[in-house]
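Here we start with a single chain on its own, the form predicted on its own, put down as structure tokens.
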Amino acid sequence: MNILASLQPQLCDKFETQAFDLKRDDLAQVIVEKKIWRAVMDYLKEEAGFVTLLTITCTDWIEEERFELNYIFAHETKRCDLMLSFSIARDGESVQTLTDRWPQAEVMERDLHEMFGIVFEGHPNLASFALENWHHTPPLRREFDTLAFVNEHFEFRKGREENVDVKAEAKRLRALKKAKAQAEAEAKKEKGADDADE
């Protein structure tokens, strides 16, 4: 039996999981309540062999006023990954850091803090990571308007007035290519007709 498929009843028996989705033979997702995510994660590491933290991602469900955090772990011997997911409120709810168990979480959590504004309790250094002197809405939150920000803070096309519209130029080049191909086909057809006449 696939290790991920065999893990489903174990997790469902031991924890109150909200869902277990076998997405592929080598990837599954388990969704839990925030209150038990650390216990499930410890079980996955200590008992189930998912010892490597690959990444932490965030999905912004702005309509539901929540973030979904996804922790992806790799198994120590099997070629399979497990995604542990839970939700937090978009505003004001923090999450405990994982740096005490996986040191590489430091960089991942700093990135999520900067891009979404999520606070990781106990993190050793939530200072600026990639954005220097950023005093605006975190840029990966869905309410952040990238175009409005660019128009407000940058001289958008100054010095680039000669630039062409990319879509229009691509359309023009496709039309030229098509016209050339048609002309070549007609020339070939005419040459074939001339050769037949001879």
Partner chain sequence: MQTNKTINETIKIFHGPQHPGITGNMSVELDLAGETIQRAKTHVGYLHRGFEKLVERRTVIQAFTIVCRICVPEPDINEQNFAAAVEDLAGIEISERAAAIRTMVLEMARIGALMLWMGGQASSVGLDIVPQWCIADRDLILDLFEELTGGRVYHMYIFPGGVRRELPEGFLEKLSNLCDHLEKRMERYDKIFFENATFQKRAIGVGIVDKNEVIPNGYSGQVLRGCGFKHDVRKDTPYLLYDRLDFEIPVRNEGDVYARALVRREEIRQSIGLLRQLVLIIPDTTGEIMQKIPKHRKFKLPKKETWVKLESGRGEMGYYMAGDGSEKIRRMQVRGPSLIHAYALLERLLVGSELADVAMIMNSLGICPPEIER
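Worth saying up front: this structure is predicted, and the values here are computed from it rather than measured. Numbering follows the first chain given and starts at 1.
Only in words, not in the display: the form predicted together with the partner chain, which the text now covers.
Enquirer: Answer yes or no: in the predicted bound form, does the partner chain come within 4.5 Å of a heavy atom in every one of Leu53, Thr57 and Asp111?
Expert: Yes, the whole trio is in contact, each within 4.5 Å by some heavy atom.
Enquirer: Using a 4.5 Å heavy atom cut-off, which of 19-27, 183-191, 5-13, 170-178 contacts the partner chain in the predicted bound form?
Expert: Contact-bearing stretch, as computed: 19-27.
Enquirer: Can you check whether Gln104 is within 4.5 Å of the partner chain in the predicted bound form, heavy atom basis?
Expert: So Gln104 counts as contacting the partner chain.
Enquirer: Quick check on Met83: any heavy atom within 4.5 Å of the partner chain in the predicted bound form?
Expert: The answer is yes: Met83 has a heavy atom within 4.5 Å of the partner chain.
Enquirer: Taking heavy atoms and a 4.5 Å cut-off, does Leu131 contact the partner chain in the predicted bound form?
Expert: So Leu131 counts as contacting the partner chain.
Enquirer: Given that the partner is absent here, does Phe116 sit within 4.5 Å of the partner chain in the predicted bound form, heavy atoms only?
Expert: Residue-level check for Phe116: yes, a contact with the partner chain.
Enquirer: Within 112-150, which residues come within 4.5 Å of the partner chain in the predicted bound form, counting heavy atoms only?
Expert: Counting only heavy atoms within 4.5 Å of the partner chain in the predicted bound form, the contacting residues of 112-150 are Met115, Phe116, Phe129, Ala130, Leu131, Pro139, Leu140, Arg141, Arg142, Phe144, Asp145, Thr146, Leu147.
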